[in-house]
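In structure tokens, the next block holds one chain alone, the form predicted on its own.
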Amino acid sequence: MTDTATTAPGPSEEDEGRRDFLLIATSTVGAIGAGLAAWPFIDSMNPAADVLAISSSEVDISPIEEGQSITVVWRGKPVFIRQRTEEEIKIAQSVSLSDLKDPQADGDRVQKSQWLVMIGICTHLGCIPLGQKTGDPKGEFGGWFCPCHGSHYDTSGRIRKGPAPENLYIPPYVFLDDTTIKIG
């Protein structure tokens, strides 16, 4: 008696090709499905439309006359925009840096000397200084005065007297043209 080994026929090339196709097709559909399922989560990380709307503000400064100030809101904070007079500019530029608690030259705080743009929040405890309206007390240095604790700011928004540790902050801004400022 002779033993004959019986062997099962191996997979044909056609079966291997079909298996490779199914593997690739299944992997591709799975990857696309995972991407589509993850998209809402990824998209939720983008800022909301209301956040984008307040991230920058364009302000028309053409109606502001020399010596006049306006207050606009940017990111929920008051921003003081003032068209300074020649006298205010001269006074701000003539101050010695050694006289300042937070030394900063006037030229470093403005892009155009006649326009001062700054966040109107006292750097001591977050109060809103007076000096924007006609008749408001402007403090000893002709700029802004915070009545809560007596901080006095000059015509460049620099702290000159009182407990505030720093100058009023300057927000990021650019002049889009001669009559429009973009804050933020």
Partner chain sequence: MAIEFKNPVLKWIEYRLPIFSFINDSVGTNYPTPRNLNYWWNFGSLAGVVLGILIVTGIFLAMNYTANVDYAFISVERIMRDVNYGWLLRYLHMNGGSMFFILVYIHMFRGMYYGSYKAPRELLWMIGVFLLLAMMATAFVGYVLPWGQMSFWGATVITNLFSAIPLIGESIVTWLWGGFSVDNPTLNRFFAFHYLLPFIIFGLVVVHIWALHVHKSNNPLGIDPKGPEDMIPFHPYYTIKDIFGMAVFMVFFLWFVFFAPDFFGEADNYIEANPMVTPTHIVPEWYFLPFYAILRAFTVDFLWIPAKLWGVIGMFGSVLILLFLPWLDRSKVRSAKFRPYYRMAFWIFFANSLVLGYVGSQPPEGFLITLGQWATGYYFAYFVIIIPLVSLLEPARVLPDSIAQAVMKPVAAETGEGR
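Numbering follows the first chain given and starts at 1. Computed from a predicted structure; not experimentally measured. Rigid core here is just the name for the largest C-alpha set that superposes within 1.5 Å across the two forms.
There is another form of this protein, the form predicted together with the partner chain, and it is not shown here; the text below is about that form.
- Item | Triplet 36, 57 and 173 all within 4.5 Å of the partner chain in the predicted bound form via a heavy atom | Spot residues vs the partner chain: no contact at all.
- Item | residue 17: touches the partner chain in the predicted bound form, heavy atom cutoff 4.5 angstroms | No, residue 17 stays farther than 4.5 Å from the partner chain in the predicted bound form.
- Item | Close approach of residue 69 to the partner chain in the predicted bound form, 4.5 Å, heavy atom | Close contact is absent here: in the predicted bound form, residue 69 is far from the partner chain, nothing within 4.5 Å, heavy atoms only.
- Task: Determine whether any heavy atom of residue 64 comes within 4.5 Å of a heavy atom of the partner chain in the predicted bound form, and answer yes or no.
- Result: Contact with the partner chain, no.
- Message: Is residue 124 near the partner chain? Define near as a heavy atom within 4.5 Å, in the predicted bound form.
- Response: Yes.
- Query: Who in 152-184 is close to the partner chain in the predicted bound form, meaning a heavy atom within 4.5 Å?
  - Reply: Going through 152-184 in order - heavy atoms within 4.5 Å of the partner chain in the predicted bound form - the hits are 165, 169.
- Any CA movement of 2 Å or more for residue 135 between this form and the one not shown, core superposed? The answer is no, as the C-alpha of residue 135 shifts between this form and the one not shown by less than 2 Å after core alignment.
- If we fit on the core, is the Cα of residue 38 displaced 2 Å or more between this form and the one not shown? For residue 38, whose C-alpha is compared between this form and the one not shown after core superposition, the shift is 2 Å or more.
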